[in-house]
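This document starts with one chain, in the form predicted alone, laid out as structure tokens.
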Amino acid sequence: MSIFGFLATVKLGEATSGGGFWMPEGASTVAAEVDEVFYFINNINYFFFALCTFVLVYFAIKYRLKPNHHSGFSHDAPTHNTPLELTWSIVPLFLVGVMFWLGMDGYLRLNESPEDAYPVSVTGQKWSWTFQHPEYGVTEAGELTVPLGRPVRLLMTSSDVLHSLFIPAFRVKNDVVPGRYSSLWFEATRPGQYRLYCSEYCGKDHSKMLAVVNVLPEEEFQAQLGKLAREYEDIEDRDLPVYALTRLYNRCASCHSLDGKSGTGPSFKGLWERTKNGTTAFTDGSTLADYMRPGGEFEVPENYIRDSILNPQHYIVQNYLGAMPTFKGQLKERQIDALVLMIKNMDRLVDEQGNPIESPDLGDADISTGAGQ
């Protein structure tokens, strides 16, 4: 451990990566190093706060104005002290230089991922995270599965506004910017689940833009990714609505409720009835019924649901701002079918309060998607 690491450990007892009052438990190869720098700077703050406070109180008592004492300065009083002035200039300059060097050194190494790092593509959008695993052809939403003891590189972009991906336990954070790519990397050292946050205010549901990072040993990781790559292909059509509710709806939950409450987007409760009856009104004054005539754009209502997922700015529902991003390229065809079936059978999947029904009865459910019509 460096001398700075030694100084950094003087903090209420715990090891630098073991968590404490200021930091959560560390779970990556860089956590201890980041904590080391943080506590080094923090301990300097503690020292000079105590020193300045002591000197302030001491001088206030020693040089307080005494009763019947005429205030004023002696003509021969000292006006400066060169050694003292050099000390309070050089020492802080040196300490700030050390802080800069430690910070810049760590920053540069955190921005240079190992060449063999496992790649993950990340898309941030209001208000959810999407993680794509190119090696397995798997897309995850709201959770990220990574291998234990292996570098992972996140290549990130935003489909709408500025976000920032932050995993406190790994001590990594970087902005996610629309129109460009940014990246960060980490290597997890402990299996388990860790929270992932958006740390850049991005609108109404910023506080709900959360995800979970699942760290698995290598064999379990490969088995899990293999399972995820096949899960929606192996599911029977009748089970697709439940799959959509349990695995895909978390990407919709920040904007679309299940209990009828209006949010950033229309509630899914009653959505199918409004769609089927063509009563949905749009901001241009038209209604869905205008496009559902024979030969119209949406001959079957399922196609309107599909279009809303892939091209949400095509028709914007009245009283809403059209904040929904496109999911084109993020969902496979069978996953889109699953979402359509979920919306069609919503009354069988959730109760009146919008809570998922355990083991819903889908025996005679409508599992047609209107595809190709």
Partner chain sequence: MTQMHVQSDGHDEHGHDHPEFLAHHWDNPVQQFEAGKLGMWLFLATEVLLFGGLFCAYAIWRSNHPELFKYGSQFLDTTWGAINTAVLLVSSMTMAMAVTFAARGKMKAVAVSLVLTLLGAGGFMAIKYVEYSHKFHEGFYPGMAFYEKPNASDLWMPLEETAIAQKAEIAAAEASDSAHLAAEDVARAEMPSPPADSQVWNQPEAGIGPQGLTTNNEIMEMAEFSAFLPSSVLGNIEDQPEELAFAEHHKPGEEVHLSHPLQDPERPVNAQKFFTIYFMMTGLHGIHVVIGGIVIVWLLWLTMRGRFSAAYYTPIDLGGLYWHIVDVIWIFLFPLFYLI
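Residue numbers count along the first chain shown, from 1. Keep in mind it's a predicted model, so treat the numbers as computed, not measured.
Beyond what is shown, the protein has a form predicted in complex with the partner chain; the following relates to that form.
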Could you tell me which one of Thr280, Thr157, Ser257, Gln224 places a heavy atom within 4.5 Å of the partner chain in the predicted bound form?
Thr157
Among the candidates Gly149, Gly270, Pro178, Gly192, the residue which, in the predicted bound form, approaches the partner chain to within 4.5 Å (heavy atoms)
Pro178
Looking at 289-297, 129-137, 270-278, 225-233, which one sits within 4.5 Å of the partner chain in the predicted bound form if you count heavy atoms only?
129-137
Although the partner chain is absent from this view, report whether Arg247 comes within 4.5 Å of it in the predicted bound form, heavy atoms only.
no
Hey, in the predicted bound form, does Gly142 get a heavy atom within 4.5 angstroms of the partner chain?
no
Quick check on Asn214: any heavy atom within 4.5 Å of the partner chain in the predicted bound form?
no
Should Pro266 be classed as touching the partner chain in the predicted bound form when contacts are defined as heavy atoms within 4.5 Å?
no
The partner chain in the predicted bound form: contacted by all of Ser121, Arg153 and Gln313, heavy atom 4.5 Å:
yes
Output the sequence-ordered list of residues from 275-301 with at least one heavy atom within 4.5 Å of the partner chain in the predicted bound form.
none
